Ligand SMILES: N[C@@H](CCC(=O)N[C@@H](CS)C(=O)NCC(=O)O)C(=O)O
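Presented below, as structure tokens, is a lone chain in the form predicted on its own.
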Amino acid sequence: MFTLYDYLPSQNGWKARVLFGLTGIPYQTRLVSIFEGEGRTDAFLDLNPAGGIPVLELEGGRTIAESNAILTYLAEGTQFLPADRYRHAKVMQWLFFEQYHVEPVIGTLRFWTLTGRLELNAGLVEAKRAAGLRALAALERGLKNVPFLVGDEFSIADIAVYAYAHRAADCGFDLADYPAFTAWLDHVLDVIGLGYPVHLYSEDPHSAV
């Protein structure tokens, strides 16, 4: 059975939980105490040299780190990763987009906002907000004529981008000017359902340390 090393408030871990649920692939969870330093222990660094979650441990002990790599591995051979080369590449395009333009911007601003670190990083906030607006504008353009990021079919690209993008309001982004994007949020929710809650950092007593 697969083991998912996870930290519940992380939307990167949320991505994997959603895909496991949609595919019905069985797995077990091992929670990692990020704010207590467990990600920096020798044992965990053997699983992922970068020290981040999620990490997927395969039967036999091999591991895969980075959330979008985990999504790609789990989705291989399923409806959530197209076999067609062009559509497959388009999925990868949006996975890279998410890691360059969504998670480091909206994800980081959200983390700073929800854990009281915004003022500590005040010198970086303006640039992050500008980058977040560019990311939302790009999503608005990309979704203008299609229900999902890669056309008419839901894919792991939608899971990956939705994870942090749908929490943009948590860090002050006004989504009223992005009708195609907000329609897409509804389309994605229609597919994944309500069974994948977002866990706030405040649930972890160590997050404010």
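Numbering starts at 1 and runs along the sequence shown. The model shown is predicted, which means the values in this text are computed figures rather than measured ones.
Unshown form predicted in complex with the ligand; subsequent notes refer to it.
Student: Pick from 176-184, 152-160, 59-67, 139-147: which stretch has a heavy atom within 4.5 Å of the ligand in the model of the complex?
Tutor: Result for this chain: 59-67.
Student: Quick one: is residue 53 in contact with the ligand in the model of the complex, heavy atoms, 4.5 Å cut-off?
Tutor: Looking in the model of the complex, residue contacts with the ligand include residue 53, since a heavy atom lies within 4.5 Å.
Student: Hey, in the model of the complex, is residue 40 touching the ligand, heavy atoms inside 4.5 Å?
Tutor: Yes - in the model of the complex, heavy atoms of residue 40 and the ligand come within 4.5 Å of each other.
Student: Is residue 99 close to the ligand in the model of the complex, meaning a heavy atom pair under 4.5 Å apart or at it?
Tutor: The answer is yes: residue 99 has a heavy atom within 4.5 Å of the ligand.
Student: Which residues in 1-37 have a heavy atom within 4.5 Å of the ligand in the model of the complex?
Tutor: Result: 10, 12, 15, 34.
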